[in-house]
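What follows is one chain in structure tokens, specifically the form predicted on its own.
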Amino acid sequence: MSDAERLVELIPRLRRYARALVGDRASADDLVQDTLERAWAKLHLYSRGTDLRAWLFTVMHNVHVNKLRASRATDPLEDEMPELAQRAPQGDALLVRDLERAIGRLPSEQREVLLLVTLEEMSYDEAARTLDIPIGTVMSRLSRAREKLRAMMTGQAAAKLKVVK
């Protein structure tokens, strides 16, 4: 199978991850397009015999981070966790909507790890290599993401960790 065919085969997975990462279809499609463009231009850097999926997710992560850095200044209120409404009795559709919104409100570092491990079913080691971070960082970000999601979904305020210097 050619490199082009393998790239095309992975587009649905890239789109799914991009959609979960950025939230809307248009931005996700832009991210996938930018990722594929960068990957095709840098295909000579890919080591044949390694996991092409993980390499593409690394490229997507880097493109996404670069876009975030270029598009916004750091907002000091960004780290505050907004609270969601209590679960509505209308059913699971609202729960899924609230979960999607809660995931979107996670800090990007936590959201990326959560999506790679849960949605893309990557191992901690694969996620660490994809994001170019230590495996311990993957585990701590995942733990914090799950804790914040749990707090947002139950309507509880998450405990603030005290910074000790």
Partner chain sequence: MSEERTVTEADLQAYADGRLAEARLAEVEQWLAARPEEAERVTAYRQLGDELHGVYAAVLDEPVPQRLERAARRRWRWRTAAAAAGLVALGGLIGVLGDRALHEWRAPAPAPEAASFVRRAVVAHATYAPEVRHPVEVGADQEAHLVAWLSKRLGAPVRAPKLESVGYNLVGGRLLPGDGSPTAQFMYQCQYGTRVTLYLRTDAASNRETAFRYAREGNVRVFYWVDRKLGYALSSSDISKEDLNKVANAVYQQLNP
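Numbering follows the first chain given and starts at 1. Remember, it's a predicted structure, so these values are computed and weren't measured experimentally.
The discussion below concerns the form predicted together with its partner chain, not included here.
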Hey, in the model of the complex, does T118 get a heavy atom within 4.5 angstroms of its partner chain? yes
For E37, is any heavy atom within 4.5 Å of its partner chain in the model of the complex, or not? yes
Quick one: is A26 in contact with its partner chain in the model of the complex, heavy atoms, 4.5 Å cut-off? yes
I'd like to know if D30 sits close to its partner chain in the model of the complex, meaning any non-hydrogen atom pair within 4.5 angstroms. yes
Neighbours of its partner chain in the model of the complex among 134-148 [non-hydrogen atom within 4.5 angstroms]: M139, L142, S143, R146, E147
